[in-house]
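Shown below, as structure tokens, is a lone chain in the form predicted on its own; questions about how it binds or moves come after it.
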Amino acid sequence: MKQLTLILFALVIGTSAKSQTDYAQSLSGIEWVKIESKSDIILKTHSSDELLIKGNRNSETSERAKGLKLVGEGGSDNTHVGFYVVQDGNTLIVKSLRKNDEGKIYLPKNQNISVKSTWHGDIEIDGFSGEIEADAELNGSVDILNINGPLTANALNGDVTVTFGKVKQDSPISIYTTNGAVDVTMPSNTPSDLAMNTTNGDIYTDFELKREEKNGLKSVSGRKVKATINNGGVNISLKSTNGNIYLRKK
């Protein structure tokens, strides 16, 4: 019985390893990696100077599709893990071709990345220090953790949540959503010139804001705030049309 169990275990491991074939490509000469997906996309860091797409064993090719190639908008599967990857100058373009499968991608920590979800996919980004652009064009949310670099993040029908490790770059930060909340956490000593604006929501923070004055009078608007913290510094713009804005100390 014990021997039979070991044989079955070996078969399971063998099948799993076979189904989880990953795709890797060198990033030599690549300045930006631009990723587009209709489904959830997760970006994490690793120590290698390459793009690594983790294969999803739930996306094995069915018997009916054997010998055929997966195709989608803008390309066909040239990775064998459901993605289309092509280099354009110093930019690597990565497109997920499946509508319902989560894509998990690993890149070096300092890589500049641009990520766009075009349907209902959420965007998750963790641990990067390069420049980041994230855009959930329709029904997804954006969740960004432990970043240090410049950021532009937008959503239409979802929240945008960002946690900064530190903020000390010269480039501005812009975070906007139409129908959701903006929730940002950053170190308490972050020097910043802040502009926060919500049309139909409220603004909450535990930072001590130094408000703009005009002719000795301070603005008292609760939905459009310009202020400095820690004597000013990085321009940070936080906007929502129909949601609240939360700015928190880390």
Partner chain sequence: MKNNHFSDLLPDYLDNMLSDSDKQKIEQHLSSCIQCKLELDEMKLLFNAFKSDNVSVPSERLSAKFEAALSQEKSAIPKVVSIAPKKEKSNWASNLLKVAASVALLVASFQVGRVIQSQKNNQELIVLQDESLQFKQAAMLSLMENQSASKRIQGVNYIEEFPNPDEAIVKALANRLLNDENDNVRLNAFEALSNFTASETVKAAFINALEKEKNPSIQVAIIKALVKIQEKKAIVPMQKLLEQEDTQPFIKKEITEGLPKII
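Please read these numbers as outputs of a predicted model, since none were measured by experiment. Residue numbers count along the first chain shown, from 1.
The next section is about a form of this same protein that is not shown, the form predicted together with its partner chain.
Q: Quick check for you: of 120 to 128, 166 to 174, 73 to 81, 97 to 105, which stretch puts a non-hydrogen atom within 4.5 Å of its partner chain in the model of the complex?
A: Of the options given, it is 166 to 174.
Q: Is Val142 part of the interface with its partner chain in the model of the complex - any heavy atom within 4.5 Å?
A: No, no contact at 4.5 Å.
Q: Quick one: does Asn242 come within 4.5 Å of its partner chain in the model of the complex, counting heavy atoms only?
A: Residue-level check for Asn242: yes, a contact with its partner chain.
Q: Residue-level question: is Asn110 within 4.5 Å of its partner chain in the model of the complex, judged on heavy atoms?
A: It does not: once its partner chain is placed as it appears in the model of the complex, Asn110 has no heavy atom within 4.5 Å of it.
Q: Would Thr199 show up as a contact with its partner chain in the model of the complex if we use heavy atoms at 4.5 Å?
A: Yes, Thr199 lies within 4.5 Å of its partner chain in the model of the complex.
Q: Please determine whether each residue of Asp135, Pro150 and Thr178 possesses a non-hydrogen atom within 4.5 angstroms of its partner chain in the model of the complex.
A: Spot residues vs its partner chain: full contact, yes.
Q: Find the only residue in Lys34, Lys54, Arg211, Lys44 having a heavy atom within 4.5 Å of its partner chain in the model of the complex.
A: For this set of options, the contacting one is Lys34.
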